[in-house]
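We begin with a single chain expressed as C-alpha cells, specifically the form predicted on its own.
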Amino acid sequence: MVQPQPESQADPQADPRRTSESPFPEDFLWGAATASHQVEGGNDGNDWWAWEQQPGRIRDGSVSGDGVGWWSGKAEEDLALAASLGQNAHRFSLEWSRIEPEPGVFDPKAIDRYREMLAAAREHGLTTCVTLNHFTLPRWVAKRGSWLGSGMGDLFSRYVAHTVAELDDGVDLWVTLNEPNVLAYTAYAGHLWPPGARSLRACFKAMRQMLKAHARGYHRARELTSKPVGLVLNMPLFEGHRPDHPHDRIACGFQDWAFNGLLVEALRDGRLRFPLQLIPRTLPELAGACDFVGLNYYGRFEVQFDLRAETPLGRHVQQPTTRTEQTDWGQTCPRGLTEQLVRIGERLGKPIYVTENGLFDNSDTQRPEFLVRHVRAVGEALRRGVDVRGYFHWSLTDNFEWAEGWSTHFGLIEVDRKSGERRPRHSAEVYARICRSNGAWCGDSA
C-alpha cells in the first residue's frame, strides 16, 4: 500500500496566517458526511452486500457486516459527537433497499428508523442534507439490470416520491444521486464495483439512465417539497503531464470532458453530448434540474498521453498521489477545489455545497493540514464571488470504503472495529476549531 505523501511539515495549530477575519457567511454549513451502506450495517438487501460475499471482490477480504452500528443505535451517539465538535450540519444517505425491499412494497419500520436519525440531528442543531441514492441498489433492481435496465426512471421516481413524502419534515436539503460519473466508470466501465460490466458502452448508457432518473426524481420531489433538491458530482482536477505537449493536452482535455464537463453541460442545457450520446440529443426536463450542486473533490490527476492506458487516451502519473493498489484518489491539490467551484458557479449559476472532501490517511498525520488548506480554498472561491454555502468533510467516522473494505481510513473519528469505541482524531479537533470560528481560524489567504 502506498500511503499519501505530506504536503509540508507545517503544524496547522501554529499557522501564523490565522486571523479573526473570515470570508464565510454567518449561516455557512460545517459538517461531515456518511453513506448508508458504509456505516449502517446489515444492508443485506442490496447489490453491494451480494457483491461483498464473492471472494476477491474486497481488497482486504472484509465485508460491511454490522458497519459502525448506525442502524442499531450508534447514529445518535455519533451525531451528538459531531455537534460537540462544533459541526452544525450532517450529510446522510438513505438505503433504497431498506425503504423499498420489494417492488412497490415500502417498509414503515425503515422509515421510522430514518425519522429517528433525522430527529437526533435536529435535536443536536444539525442541518440535514439527505441523499436518496448513494451507489447501492436493491437486489430486485439489480436483477432487472441495475442502471442498464429498462424503466429505471419510473422505479427511482416512485422511490423518491414515497421517501420525500414520508421524511421531508426532517430534511433541509435533498440530493437525488451521488456521483453518477464515479458509479458509471467504476461499476460499468470497470470491474471493481457491481455489476462490474467492463464496457464503455455500458458506462455511458448507465450515465444516461442516471441523468434521466435524476431529472424524473428532481421534478417529482419538487412537487412534494419546498426544500432545495440537488445533484452531487465528483469533479477532480485534470491537468496535462507536459502542459505544452499537444498529445497530453488532448488526453487531459478528453478525460476532463468525459468525466466532468459532460455532466455540468447536461445540467446547464439538458444536452446529452458525445460520448454520453453518439448522436447528441436534448432532454428538456434535465436542463436546470437542480436547485444546488454538490461538489465532491479529492484531488488532481496528471495525464500523460498513452493509448495503452486503462483510462481513455492517457495514464495518470502525478506524484505524490493518494492511492492503494487498485484505487487512486489523486494528488492533494487545494487549488483544484477552488477551480472546480468557480467552474460550476460560472457554468450553472447555482448555489454549491462541498458535499465531500477528505483524505485517506490512516496515521492522521496529513489530514489536519489537508483540512486547513482545503477550507482556505473554499474561502478563495467565496472571495471570487462563488455562492458556496457549506462544506462537508468525508467522512465523520471510519467506514466500509467500498472495494477497499475497512483498510482505508477517512474518518475524523476512529472506530475500534471490535469494541465499537469512538476516538476523535487530532484532525477532528482541527476541524472543530474551523467550525467554531466559522473558518476564520484558517487564515485570510489561500
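Just so you know, these numbers come straight off a predicted model, no measurement behind them. Residue numbers run from 1 along the displayed sequence.
We do not show the form predicted together with a small molecule, though everything after this point is about it.
- Looking at residue 397, you'd find every heavy atom of it more than 4.5 angstroms from the small molecule in the predicted complex.
- The small molecule in the predicted complex comes within 4.5 Å of no heavy atom belonging to residue 47.
- Not displayed here, the small molecule is kept clear of residue 209 by more than 4.5 Å at the level of heavy atoms in the predicted complex.
- Residue 64 falls outside the set of residues with a heavy atom inside 4.5 Å of the small molecule in the predicted complex.
- Relative to the small molecule in the predicted complex, residues 38, 298 and 402 are all within 4.5 Å by at least one heavy atom.
- Comment: 134 to 142 is the region of 223 to 231, 134 to 142, 111 to 119, 263 to 271 lying near the small molecule in the predicted complex, near meaning a non-hydrogen atom within 4.5 Å.
- When you look in the predicted complex, the only residue of 78, 179, 302, 100 with a non-hydrogen atom within 4.5 Å of the small molecule is 179.
- Only one of the listed residues (406, 410, 51, 28) places a non-hydrogen atom within 4.5 angstroms of the small molecule in the predicted complex, and that residue is 410.
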